[in-house]
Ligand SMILES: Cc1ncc(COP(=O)(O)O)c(C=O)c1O
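Below sits a lone chain in structure tokens, taken as the form predicted alone.
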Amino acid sequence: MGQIEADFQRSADTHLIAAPVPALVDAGIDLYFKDESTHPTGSLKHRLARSLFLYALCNGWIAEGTTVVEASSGSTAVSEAYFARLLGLPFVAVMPKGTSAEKLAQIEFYGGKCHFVERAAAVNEEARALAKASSGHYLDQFTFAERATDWRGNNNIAESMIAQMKHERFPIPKWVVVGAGTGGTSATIGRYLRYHRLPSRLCVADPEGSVYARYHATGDKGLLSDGSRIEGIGRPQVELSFVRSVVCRMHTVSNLESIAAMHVLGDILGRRVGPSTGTNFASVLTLATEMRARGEKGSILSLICDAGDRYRVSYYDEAWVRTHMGDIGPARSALLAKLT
């Protein structure tokens, strides 16, 4: 506990970045992105990993020498490997084959081991089995993400975002837009907004292939799919940490739109962002376009989940994208039209 607290004290909060789009600014609409890529492990999942380790320690599930196991497509595992190394614990990440090589290298850099499965839907069962076989602990982000973080405050992401907006021309955002992998971030933000009686609405951007948007519309917890092809967000099944009732609206974003939006936002900010941030941005632009059409003014707040450096040989490789996703040209043109 002391080592994690010391690590926390060594870390500064992440920046809130304005993303000025002249046509939207002139219409009275301001866009902001909280840059979670500046955490020590490079992504939004650093917060989750810290919370999951603290939760497991406080519950007595982790002790000296405990093997820690997680089901993760990459970023969560990178951050958890960091905290496992901090505590001197063995760590194993269970993930689908095809996870980006950059993420695998980062997990291994922090001393973690990577264990692969053929199907994304099999990661939870395999992680649970590995933890049992090693008498270890399965962190289970998909169950515990929504309960491991104090959603009322205590330096959670929602509290930080709202505080950083204090001096903007529209300090209370009309919308907060996030993606959902575990659902922990959307649950934290949605609960925080309600607890503090803020009028902001929460929109979850769901990538093509994920079940969350359909679950939000139908309430069917038994939905299954082949899963998302945008790393880090979307799920092939409904996870316990996704709290449907705190989400005001959901957008399904196509793969091509996510990748095109990743490039468009990168051009606006002058830096590369990851594909899940592209999914967020596509949803942000949909909301902004609707607000402008209604003559509504205000701010929209979202996240930079991680940096684009992790995806140089995948989502930022034109040949890879064309082979695995298709031509992003039409989607990019449609997004650029929303900026004028």
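Numbers follow the displayed sequence, beginning with 1. Model, not experiment: these values are computed from the prediction.
Not pictured, yet referred to below: the form predicted in complex with the ligand.
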### Message
To verify the annotation, which of these, Asn255, Gln106, Thr182, Ser200, has a non-hydrogen atom within 4.5 Å of the ligand in the predicted complex?
### Response
Thr182
#### Entry: Proximity to the ligand in the predicted complex (heavy atom, within 4.5 Å), stretch among 232-240, 169-177, 262-270, 131-139
232-240
### Message
Whether Ser79 contacts the ligand in the predicted complex should be assessed with a 4.5 Å heavy atom distance threshold; does it?
### Response
no
### Task
Answer for Ala49 alone: is it within 4.5 Å of the ligand in the predicted complex, judged on heavy atom distances?
no
### Message
Although the partner isn't part of this model, could you tell me whether Ser276 comes within 4.5 Å of the ligand in the predicted complex, counting any heavy atom of the residue?
### Response
yes
### Task
Give a yes or no for Asp306: in the predicted complex, does one of its heavy atoms lie within 4.5 Å of a heavy atom belonging to the ligand?
yes
### Query
Which residues in 14-44 have a heavy atom within 4.5 Å of the ligand in the predicted complex?
Leu44
